[in-house]
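One chain comes next, on its own, written out as structure tokens in the form predicted alone.
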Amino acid sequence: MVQLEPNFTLVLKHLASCGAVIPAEQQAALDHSLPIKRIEAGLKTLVLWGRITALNGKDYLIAEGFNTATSKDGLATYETKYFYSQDGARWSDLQPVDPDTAVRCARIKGQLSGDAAKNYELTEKDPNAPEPVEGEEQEKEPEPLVFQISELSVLRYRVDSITAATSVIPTDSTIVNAASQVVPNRLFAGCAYPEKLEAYQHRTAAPGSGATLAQDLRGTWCVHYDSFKGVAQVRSLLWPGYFFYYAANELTWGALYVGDGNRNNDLIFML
């Protein structure tokens, strides 16, 4: 039987050896809080996306949910909603950020503080300030623009960035129905070569498009396949902390992110 959504218990079981773990007390809370939140939000699917670590130890648990996905122009578009929690029991909406705020969020580096009410202050040159005239003395420098960026905005930006570059599923595990909706392929028989990157694709690639992880920048993904257990583990080297598993015997798969949300910009020097 083909799975319709990832099983939280199996995800933790197969990815624990990678370091993708969730504290036991939070696991117990998630078993009850996620189904309740899914019903409250009116979502068809709500699963644990991952955990983004914080300096004060109050890590952010992220849940991802959606109702439908459509295929158009070679891309699969998901109407995704995100929620965050710091105890695994109470969930709050993680609002999307506009393009201008996203550009500013990209300038904030390092690990998040863990204080959801914190604001980061950024300064920018005022584009409307008069340009200095050569040969004339300027009385004073124009005042820069000051922006307050909330930590939750930075959190959402990092979640969106990681999701856009990862979101792995087995190739041919989804199909497009008559309504142009992306749905699970109930006739999916498994990956022929689970030890190869060609067996996996991004969720955003339209079913049947032929796009696989092998077409990504070389060296950004690695696969480890245990032929005895029939389990493949795929990890991102560009976004350390993202892990995906595929179990050939159980015909299940899932992914989890556990990290600080920062991209590995030194990857080019490691290849």
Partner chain sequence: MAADIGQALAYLRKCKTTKGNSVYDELALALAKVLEDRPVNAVEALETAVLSTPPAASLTVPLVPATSAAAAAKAVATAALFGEPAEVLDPESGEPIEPDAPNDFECEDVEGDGNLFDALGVGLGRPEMQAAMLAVKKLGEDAKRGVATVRFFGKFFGTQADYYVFETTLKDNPDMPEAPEGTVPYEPYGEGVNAYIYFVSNTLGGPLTQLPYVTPDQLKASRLLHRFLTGRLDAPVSAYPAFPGKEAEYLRTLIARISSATVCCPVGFFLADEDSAELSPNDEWEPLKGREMGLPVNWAHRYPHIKDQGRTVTYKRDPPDEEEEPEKNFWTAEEMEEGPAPLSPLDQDNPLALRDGDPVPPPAWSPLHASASVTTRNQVAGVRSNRWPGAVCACAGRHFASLYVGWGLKAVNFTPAPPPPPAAQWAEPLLESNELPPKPAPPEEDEDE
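Positions refer to the first chain, counted from 1. Since the structure is predicted, the reported quantities are computational estimates derived from the model, not experimental observations.
The protein also exists as the form predicted together with the partner chain; that form is not presented, and the subsequent description refers to it.
Heavy atoms within 4.5 Å of the partner chain in the predicted complex are found in one stretch of 203-211, 226-234, 30-38, 64-72, which is 226-234.
With a 4.5 Å cutoff on heavy atoms, Lys109 counts as touching the partner chain in the predicted complex.
At least one heavy atom of Cys18 is located within 4.5 Å of the partner chain in the predicted complex.
Taking non-hydrogen atoms only, Tyr120 approaches the partner chain to within 4.5 angstroms in the predicted complex. In the predicted complex, the partner chain lies within 4.5 Å of some heavy atom of Ala54. The contact residue chosen from Asp87, Glu143, Asp115, Asp93 relative to the partner chain in the predicted complex is Asp87, the criterion being a non-hydrogen atom within 4.5 angstroms. The single residue of 59-79 lying near the partner chain in the predicted complex is Asp59, the criterion being any heavy atom within 4.5 Å.
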